[in-house]
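Taking the form predicted alone, here's one chain by itself in structure tokens.
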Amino acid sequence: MQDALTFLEASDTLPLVDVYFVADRGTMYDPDGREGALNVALRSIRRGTRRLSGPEIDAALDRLGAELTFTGDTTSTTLHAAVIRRNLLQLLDLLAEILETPTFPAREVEQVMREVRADLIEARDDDRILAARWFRRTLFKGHPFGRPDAGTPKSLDAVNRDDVVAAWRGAATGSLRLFAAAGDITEAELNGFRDQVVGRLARVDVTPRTLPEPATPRGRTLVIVDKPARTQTQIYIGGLGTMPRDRDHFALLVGNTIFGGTFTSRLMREVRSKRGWSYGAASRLGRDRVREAWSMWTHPAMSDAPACIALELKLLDKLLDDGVTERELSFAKSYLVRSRAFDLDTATKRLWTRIDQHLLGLPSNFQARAAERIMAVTRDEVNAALRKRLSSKNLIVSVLATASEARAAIEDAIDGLDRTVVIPYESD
């Protein structure tokens, strides 16, 4: 049963159990022009089975005191359920039924699509979401990472029930499925759940899709997400980083921690502590099967945005030109290693590191050796990784602001700006 693996992190410290079903197919399998099909499927799956209606499923979960969520991203689909130990076997039977025989009633699918459309429209009120969305869509244009997981109002208009059913069947019977659990559960119980589900899910042939390497952006691109009557902005600046399999991944992780990964980082100190332009100022290094985004985020007042952007670009130039200091290096390595304790302090967290490791195709000792590899990183390696992976010349600058009031000043603040794109905030 090579395509259905089990991961168990047993612990009887508390009478609680977390159960996961994870498949290695995500929203990148949605047909072009019908993005959002899998998201609708995951939100519809508990609306009915051959035996139970949606309200009956909800009532059963309530009786068991259980939680159940389905989520999907570009490359994976995940079921997560949590329950008290004494109700575990009943929950596993219910989960198996939901996974095996969802009926996706047409009326329920239509209702879910209305709910998703409403959520997408409501998200237009969240300025940070909008700035982040257009940063990623611009950086990953033409790449699966740039596709909207939940779709758009336009793409949902093209999605029908057949698309929703096909999206779920493709994910549920994918090339790799993980059945995992943490807490007060035995290996026999977990294996029994796996065998019950796998034995009853009819396989669906889906042509595998390759996740390509994203292309490095060329030049400096300013994206203004134009929203009226803004007094505060949301700013994302960045490009590509690394993927965990890269030899210099841990070196870049340390470099990012120094630049914007802690409350005392360079970015936080210069933007917030010294100038008070933005309450939050941070940089983030994404991780996936191929190179993900590296970005820095701030949210200054619109009057401070041009100076803040200019400062961030200057700080990035200085980081790449001068590198990091030995003192910064020592602090960052110690911080990262100490922080790992909080990533592994529960059975569920330890389990998820194993799942993540497998989904990303990492060596079996990747997590176990992470602290060792972090501590072994040298200053020269950090500086080399920063200069190799990050670029101050090839950047996406995504700013949510009122374009008529802010565009000229922001353009003047970006030396060597190659192009400006203005996106109405209501755009899909």
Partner chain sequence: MTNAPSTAPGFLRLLNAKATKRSKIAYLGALAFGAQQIQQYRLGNGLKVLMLEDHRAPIVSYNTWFRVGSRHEREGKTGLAHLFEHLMFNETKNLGAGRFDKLLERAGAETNAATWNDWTFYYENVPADQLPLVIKLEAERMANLVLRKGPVGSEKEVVANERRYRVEDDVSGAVAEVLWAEAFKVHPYHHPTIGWMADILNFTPADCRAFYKTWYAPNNATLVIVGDVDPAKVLRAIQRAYGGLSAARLPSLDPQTEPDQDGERVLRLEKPTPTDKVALGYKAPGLDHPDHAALTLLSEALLGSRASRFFHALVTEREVASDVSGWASTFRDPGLWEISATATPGQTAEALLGAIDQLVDTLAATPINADERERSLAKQELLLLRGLDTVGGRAEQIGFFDAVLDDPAGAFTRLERLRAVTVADLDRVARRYLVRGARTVVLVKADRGLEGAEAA
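Positions refer to the first chain, counted from 1. Here the structure is a predicted model, which is why all the values come from computation and not from measurement.
Heads up, the form predicted in complex with its partner chain isn't pictured, but that's what we're talking about next.
Colleague: Can you tell me which of 172-180, 259-267, 313-321, 243-251 lies within 4.5 Å of its partner chain in the predicted bound form, counting heavy atoms only?
Modeller: It is the stretch 259-267.
Colleague: Any of the heavy atoms of residue 83 lying within 4.5 Å of its partner chain in the predicted bound form?
Modeller: So residue 83 counts as contacting its partner chain.
Colleague: With the partner left out of view, is residue 143 within 4.5 angstroms of its partner chain in the predicted bound form by any non-hydrogen atom?
Modeller: Outside the cut-off, so no.
Colleague: State yes or no: in the predicted bound form, is some non-hydrogen atom of residue 380 no more than 4.5 angstroms from a non-hydrogen atom of its partner chain?
Modeller: Output for residue 380 is no: heavy atoms all beyond 4.5 Å of its partner chain.
Colleague: With a 4.5 Å heavy atom cut-off, would you call residue 67 a contact of its partner chain in the predicted bound form?
Modeller: Yes - in the predicted bound form, heavy atoms of residue 67 and its partner chain come within 4.5 Å of each other.
Colleague: Just one of 137, 287, 275, 358 has a heavy atom within 4.5 Å of its partner chain in the predicted bound form. Which one?
Modeller: Only one listed residue qualifies here, and that residue is 275.
Colleague: Which residue among 103, 221, 348, 191 has a heavy atom within 4.5 angstroms of its partner chain in the predicted bound form?
Modeller: Among 103, 221, 348, 191, a heavy atom within 4.5 Å of its partner chain in the predicted bound form occurs only for 348.
Colleague: I have 46, 229 and 425 flagged as a candidate spot, so tell me whether each of them has a non-hydrogen atom within 4.5 Å of its partner chain in the predicted bound form.
Modeller: Yes.
Colleague: Pick out the residues of 321-337 whose heavy atoms come within 4.5 Å of its partner chain in the predicted bound form.
Modeller: Contacting residues: 327, 330, 331, 334, 335.
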